[in-house]
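In the block that follows, a single chain appears as structure tokens, in the form predicted alone.
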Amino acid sequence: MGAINQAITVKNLSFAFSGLKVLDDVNTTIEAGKLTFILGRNGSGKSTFLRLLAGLLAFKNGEIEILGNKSSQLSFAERAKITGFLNQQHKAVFPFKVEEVVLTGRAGCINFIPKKSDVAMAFQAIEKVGIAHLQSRIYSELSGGEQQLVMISRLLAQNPKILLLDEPTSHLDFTNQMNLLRLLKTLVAEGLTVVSVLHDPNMAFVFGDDFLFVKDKQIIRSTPNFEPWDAGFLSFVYQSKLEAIPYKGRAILVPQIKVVTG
């Protein structure tokens, strides 16, 4: 059993695609009740790591515990009650209404016909995300950003304890990115644990509680000697020269630009 304040514990985890190692002997923990962002360069293994946490990829070496349960021993129904996963991309095949799509988030709790409580939870999720004006629209006719918000609602309707999100802001404009990240902060304040891959470290540092970095097949953290937004540390992670601009006790990162005069 994992420590009571740990939502996820990863021990000696290694994973390879077609013989190419992506993660090598990873050991890390993710605390319960926090908004944790997974950061790193493209192709570093961020999404792979998240999919391993979600139980979507089988691994031979290592162990993942979700709220003290061995991930490999959880059934689909058991996992659905604990974790909800949002993929980067999702295609609409059938012309379902938004409210119908969100209601499918209750599938793990529905035997045959949705109960009134299932419908109520679906509508509650729609309202929480702020898309009540879309509930009668056809999902496949929505913009990519609107579809992303619908899928967030569907995930909340599932009512899991841990949300695992892969680039949830990727199709959203700046305003909706901020709105979604504020929503994630609210959900954490209400007791959820949220783990999300994010492209933009600056957005992560504004909203996040904890930060994991994927680098050289490892999951690493900053040390007590420097903060996660330390320019030197992030220059190492992203292999790019960066400067840190102080912001509300943290920092915003910008690229070093050599100005040529004369």
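All figures in this text were calculated on a predicted structure; none of them were measured in a lab. Just count from 1 along the sequence shown to find any residue number.
There is another form of this protein, the form predicted together with adenosine-5'-diphosphate, and it is not shown here; the text below is about that form.
- The candidate site formed by 202, 238 and 250 is entirely out of contact with adenosine-5'-diphosphate in the predicted bound form, as no residue has a non-hydrogen atom within 4.5 angstroms of it.
- Although the partner is absent here, residue 45 sits close enough that one of its heavy atoms falls within 4.5 Å of adenosine-5'-diphosphate in the predicted bound form.
- The closest heavy atom approach of residue 41 to adenosine-5'-diphosphate in the predicted bound form falls within 4.5 Å.
- Mapping the unseen interface onto this chain, residue 22 counts among the residues with a heavy atom inside 4.5 Å of adenosine-5'-diphosphate in the predicted bound form.
- Partner contact region in the predicted bound form: 47-55, out of 47-55, 63-71, 203-211, 218-226, criterion any non-hydrogen atom within 4.5 Å of adenosine-5'-diphosphate.
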